[in-house]
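A single chain, nothing else alongside it, follows as structure tokens in the form predicted on its own.
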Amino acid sequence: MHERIVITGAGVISCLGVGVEEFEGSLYSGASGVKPSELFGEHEITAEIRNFTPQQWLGNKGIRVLDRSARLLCVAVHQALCGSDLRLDDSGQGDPGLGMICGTMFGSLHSITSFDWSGLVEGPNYVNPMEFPNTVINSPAGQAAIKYKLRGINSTVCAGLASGLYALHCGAEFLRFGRARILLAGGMEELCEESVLGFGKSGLISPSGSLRPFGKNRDGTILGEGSALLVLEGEESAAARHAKPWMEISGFGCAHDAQSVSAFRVRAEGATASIQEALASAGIGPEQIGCIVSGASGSRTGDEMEVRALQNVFQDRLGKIVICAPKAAVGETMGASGAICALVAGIALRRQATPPTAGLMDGDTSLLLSKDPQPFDGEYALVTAFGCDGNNTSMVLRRWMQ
């Protein structure tokens, strides 16, 4: 029998705030971070982190070499360690049993393109070698490990919009295999000119500037940024250090059904299979799911695919399951989105109520979404993260019960 993998803490930074308490308060109040951009001009609508000053958490030492991605991840690491009583002594050597699995879609995209552009325009002899480390996709995870002396496993998972959930699953498996004692697992993504331009050129951004997951008149997504890390450890490890678990990872499923690099497969074979696999690995049936935390982002075809997958699995019961779509408030945070949704699911299980879906209009969808918190009674939550590249992931989380 596999050891139970529990979640004993979390760290988060998003447009809704820094730290679980501030994030939760903003989320359940119905707030939204989707606003005119300060980084790219008011003509762009984003869910960016405004007035980002990481020095208040990270200090000034060594921060100059960290780009925006690394800073976002380091703030989440800081919050997770402090909130889980894992903060290390600066004079110590670090814990070889403490590591990190970080999911990301692009990594430090701005650093990569800036370095490459400098080499193309000015020539390879004029690039700044000090900037090269930030172009490696696992640089943020490496920088965070150095800063916080995380001497255990350090891996970066790149699987598009599914990266965050994949990272959580990988972390749970490493713990079950005895490869680590405690892991910080989740996702990170920065918002930069290159990602805004790329998504815009692909026709994925909402031209109306609104983000309406599952909405009848949805016309695209709005980009966001942030980082969320959950503290994963075995049940015995948590008990040994007197840590109180929030929830446990009960099941995970994944399936790939790519037909294009930028088009969802509306028939939803892969999305359906991932949900079914997650339920089977958790050892439960569809009737035991108390709530669904959806990865819907306002995509015309992506949301349609998710509805079809949910209908395939839950059938007539779907109309009775409370659902929330956090991306309505935090935007499409890409590689961080699955981890943020998993954090929302954990909070919902603890409160036995899902948060509002920001900006929801009456009659916008037949699903059981609401612009107010929705109470439910259940031990299990389903989290989904489906990508247009064919990566489909689902995770079942269970409220902690001895």
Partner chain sequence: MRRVVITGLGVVTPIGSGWRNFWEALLAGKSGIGPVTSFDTSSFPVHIGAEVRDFVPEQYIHRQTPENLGRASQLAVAAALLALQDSEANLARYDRHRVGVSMGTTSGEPLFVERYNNIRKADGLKAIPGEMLPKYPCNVIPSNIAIEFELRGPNLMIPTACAAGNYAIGYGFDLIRAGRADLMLAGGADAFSRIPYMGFARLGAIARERCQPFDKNRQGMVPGEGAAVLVLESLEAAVRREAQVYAEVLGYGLSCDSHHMTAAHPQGDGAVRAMAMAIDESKVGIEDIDYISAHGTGTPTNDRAESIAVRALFGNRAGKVPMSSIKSMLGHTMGAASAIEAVACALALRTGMIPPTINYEEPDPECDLDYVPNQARETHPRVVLNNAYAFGGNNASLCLARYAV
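Positions refer to the first chain, counted from 1. Predicted model, so just to flag it, every value in this text is computed and none were measured.
As for the form predicted in complex with its partner chain, it is not shown, yet the points below apply to it.
- The listed set Arg300, Arg317, Lys149, Arg241 contains one residue whose heavy atoms approach its partner chain in the predicted complex to within 4.5 Å, identified as Lys149.
- A heavy atom within 4.5 Å of its partner chain in the predicted complex is found for one listed residue only; from Ser202, Gln288, Gln311, Ser208, this is Ser202.
- Per the 4.5 Å heavy atom criterion, its partner chain in the predicted complex is contacted by stretch 167-175, the sole one of 76-84, 211-219, 303-311, 167-175.
- The putative spot formed by Gly19, Ser29 and Gly41 is not touched by its partner chain in the predicted complex; no residue has a non-hydrogen atom within 4.5 angstroms of it.
- The shortest heavy atom separation between Trp246 and its partner chain in the predicted complex exceeds 4.5 Å.
- Its partner chain is not drawn, but in the predicted complex it has a heavy atom within 4.5 Å of Ser155.
- Within this chain, Glu379 is remote from the site of its partner chain in the predicted complex, having no heavy atom within 4.5 Å.
- Taking non-hydrogen atoms only, Ile284 never approaches its partner chain to within 4.5 angstroms in the predicted complex.
- Along 306-325, no residue reaches a heavy atom to within 4.5 Å of its partner chain in the predicted complex.
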